[in-house]
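Single chain ahead, by itself, as structure tokens, in the form predicted alone.
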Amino acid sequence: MKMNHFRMMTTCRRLSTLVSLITILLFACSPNPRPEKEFDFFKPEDKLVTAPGKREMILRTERPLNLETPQKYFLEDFTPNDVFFVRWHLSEMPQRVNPDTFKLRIYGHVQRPLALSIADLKSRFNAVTLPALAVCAGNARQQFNPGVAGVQWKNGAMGNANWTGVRLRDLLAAAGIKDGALEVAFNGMDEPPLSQTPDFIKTLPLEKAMDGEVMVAYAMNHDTIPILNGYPLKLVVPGWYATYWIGMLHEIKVYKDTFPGFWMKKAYQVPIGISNGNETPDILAKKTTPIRRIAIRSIFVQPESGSSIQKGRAVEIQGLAFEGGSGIAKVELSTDSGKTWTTTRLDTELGKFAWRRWHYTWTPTSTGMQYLMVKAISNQGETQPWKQWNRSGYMKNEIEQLSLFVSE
């Protein structure tokens, strides 16, 4: 698949895509939409494609291009760049960026507006490297029941990487933030297909922007960031969902007021006061707030659901657990539908914002379909709910189940 294939789409197809996007957003972001109880969204079959700089990945949408990481790559602690999931909201984006002429602008409510080259970032500021998980807010949307609108991801809209760049705090200090600043906005070089489409701009509260952990990255897993993942610069907001991780970052603007943009005020909203964004189709939350911190979750990686194993023969079960930065205390597994739970073995922590691998050796004693369940517990005592649903398909983190067929 070539990038120019996407640029040759007809005007009619662009308009159709835009109409579909707006329809989805209006439903997902409405404070009180009417739930469609009897309608379930189509769950597409996985279609493998290649794109510039990528091996075969699962195609979720063509325009904008959204690609999911096949589950087998989660056997690696750090997700390879060429299979790292791809998420874009706007379809118009440059196919190439000249690193010699590129500038990152920092302006707004600052004393010294800046225009920094990539060389400036590398030479004028201290470099930092941080292992962190990027996970789409809609990861595992396919699992929601009843189904909800949006990109129908399985578990592969996430990836763990080592990010290298400069602290956002250092960049803002160099620009000199004026008194009274409240928010910092971030804009990438991707653009709306039509003038009516809102530009994808996200903001952070000034306190978060200055916490010393948010960074502007110019390297990913010790290599150049792939263009489909946001070359040349990517905002990294460890512990928060990837909706804030702006790719192809080229503008940072400091505001002395709150930013009124669509993607902060209308889209990516979850119910207020519930850590996992829970509501029900019959009782929708009247008040919402922008999604932020990654909810605690654990998944199975190996064997894959539906696999066949043999009675009496030990099998190695492994998976991943993650959350927003307090750390994973333990992961528990159940082989009896949640009646009893056994603690799994945890690998060494890669970093407080990275995922953590768990292992469990299981010897099945019965034949037929067997169902395993897994849940994680954070260092703050947070754990996963039995059931989780919201109208937008965000923060999926209910207790995961693995089905295996056991033969004689």
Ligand SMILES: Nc1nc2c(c(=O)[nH]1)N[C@H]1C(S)=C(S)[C@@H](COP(=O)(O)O)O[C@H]1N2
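Because the structure is a prediction, the values reported are computed rather than measured. Throughout, we count residues from 1 along the sequence that is shown.
Although it is not shown, the form predicted in complex with the ligand is what the next lines describe.
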Stretch from 141 to 149, 292 to 300, 225 to 233, 176 to 184 whose residues place a heavy atom within 4.5 Å of the ligand in the model of the complex: 225 to 233
Residue 237, heavy atom within 4.5 angstroms of the ligand in the model of the complex: no
4.5 angstroms heavy atom contact with the ligand in the model of the complex for residue 190: yes
Residue 322, heavy atom within 4.5 angstroms of the ligand in the model of the complex: no
Residue 89 within 4.5 Å of the ligand in the model of the complex, heavy atoms: yes
Output flag, 84, 242 and 246 jointly within 4.5 Å of the ligand in the model of the complex, heavy atom basis: yes
Candidate from 166, 285, 130, 136 lying within 4.5 Å of the ligand in the model of the complex - any heavy atom: 136
